[in-house]
Structure formats: structure tokens, C-alpha cells
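Below sits a lone chain in C-alpha cells, taken as the form predicted alone.
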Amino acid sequence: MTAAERAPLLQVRDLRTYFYTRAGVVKAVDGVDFAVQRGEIVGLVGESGSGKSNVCLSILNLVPKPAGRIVSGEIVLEGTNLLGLSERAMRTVRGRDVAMILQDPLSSLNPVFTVGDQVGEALRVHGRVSGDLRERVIGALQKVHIPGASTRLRDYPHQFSGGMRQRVMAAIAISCAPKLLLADEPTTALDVTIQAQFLQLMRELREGDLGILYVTHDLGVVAQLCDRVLVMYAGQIVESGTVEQVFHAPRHPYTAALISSVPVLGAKRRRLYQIEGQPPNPLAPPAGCRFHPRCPQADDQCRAAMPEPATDGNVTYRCWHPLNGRLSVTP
């Protein structure tokens, strides 16, 4: 294996994405580091507003402007820093090398164009048409298991169910054989049965060299699907590691609190655990560790200084007082 093959498919280093508003600066992504390997599914979890979607938008350099701005960091895809590319070069990267599946297909699919036209457009724009375009479109729809793909090319998005529309989005995303797929909570609006089918589709897509960054707030989905997990809080990755390591022996109190708040079938608990308080105001995050106002074991050190990332085996975390694998978050 060459050095290029051993290197991560995607390497994000010290990424900082800020929004400049009249009320102040929102540090939506504040010093994020992670990698995605070829053929790997990495889960990105956290509460709403933690910065998960902004990580994906930053990778594609689609942060809303003029308020949003990537102020520092590197996003390296196969040796190329995407932040150093021009907008014209990035338009080539989007869809061809990096594709994205969004949460709501109805807001992403054009209601006045057929599904066949929309899948075919991605192929035409990126010059990936070899042979008959219709056959390529049918092949993309078949790959995501849409029944009767050849007969549904002329159908419009409203003629598909929610699960089938999400599969159409996946067909558009993979039609140009991208290297990296960003999935931003694609199963949130789906029922459990359809969600399971979509997760199986994700497993099938990663069997080549496709790397997937899967954004979700559902820890159950991460446990079923992902190889590694990144736990995000208030714009920062507070813990990362393999799913087994992080879920069975969390180091950060926030990770343990998230796991403890998930109902377990058959477990005898008088009351489901809940994380006290609210996420911090992004305009004025607290000094020190950003989780300390909600942490039951916070002390003066936690309130005074931000902990630097520490590594224990293959797990990296930001905490002055790691739990050392204890699931309990009681002081």
C-alpha cells in the first residue's frame, strides 16, 4: 500500500467557521479536527445547534455568505486543501468528488423536473456521461434499489414516497462516483422500517472506497451503522473514537450523559436521565470547558480554562476530569 493510499481520504485540521452578526460573532465551528478513511463511515453526533451541519457546509465551502466565513484551518481531500481552491474549482469538486444528501428531499428536489432529468443533470454537469445517459440514470436508480427504475424516469418527486425520495437523493449523490459522501440527518423524517432500509443502503455504498460522514442526533443509528463516532458540543469535538470504545467506555461527561439519556429496552430505571440546563449561547460561550455549566462534576479548573485534547488509546477527548470509562455522570 502506497503512502497516498494509507493517508486519510479526508483530513480536517483546526477548522473554524464563524458567523459575523450584528449581535456578535457566532463560533459555529471552533477548532475541529477529524479524519475520514476510505470505505469508512464516521458518525457526527450532538444536540441541535452544536455545529454538525456547518461542518458539512464548510467541507463543501457553502457556508452562507456574507455573514458566514471559514476563518482558519485546512480541509484536505486526497492531498488537496479545498480551502485553497477557487470557486470555479470548487464547483467541479462538489458533486464529482464530494456529494451531499440533505435531511429533507422535498426541499432539495425540483418539483417541476422529473427524477430522470435531475439524476441526469448531475452526470451532464460533471461530464461523467459515457455511453447512453438514460442507461446511466437507470443504473444509478437501480443501485439505490428503486423498484421499476426504468419506468419511473418520467415521474416527478411528489409521485414518490418519503423513503423513495431520499433514495433518489442518494442516486443523485452517487451518480458521479464521488470519493466522499456527506449525509446530513437523511433518515430523520423516515419511519423506522424505511430508516433501516436506508441504513442498509449506506452500508452497501461504503463497500468500495467511498468514505461517508454521517451526521445524526440518533445514537442508535450510529451504533448500527458507523465505524467511528465524533461527539460535538458547542462547536467543538469533545470526544472521538471507535463506536465500541466511545459507547462502552466514554471519557467525556457529555458523551456519557447522551448515552444515559437513551431509553434501553428492558432496563429497570425509575426515571430516564436528562441533561440539565441548555446548550450555551453561541454568541457568548462560557469560559473554560463549554460543558461545565451542565456538568455534575465541574470544578474551578473546568470553569477557568479550556481543556486541550487528550488521547487515551484510540480515544481523544477534551476534559479535565475524564470518566475513565464510567457510564455514570453522577459526581
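Each residue number is its position in the shown sequence, starting from 1. Since this is a predicted model, take the numbers as computed values, not measurements.
The next section is about a form of this same protein that is not shown, the form predicted in complex with a small molecule.
Between 30 to 38, 46 to 54, 258 to 266, 271 to 279, the stretch whose residues reach within 4.5 angstroms of the small molecule in the model of the complex through a non-hydrogen atom is 46 to 54. In the model of the complex, the small molecule sits beyond 4.5 Å of every heavy atom of Asn314. Contact check for Glu185: a non-hydrogen atom falls within 4.5 Å of the small molecule in the model of the complex. Although the partner is absent from this view, Val26 contacts the small molecule in the model of the complex, with a non-hydrogen atom inside 4.5 angstroms.
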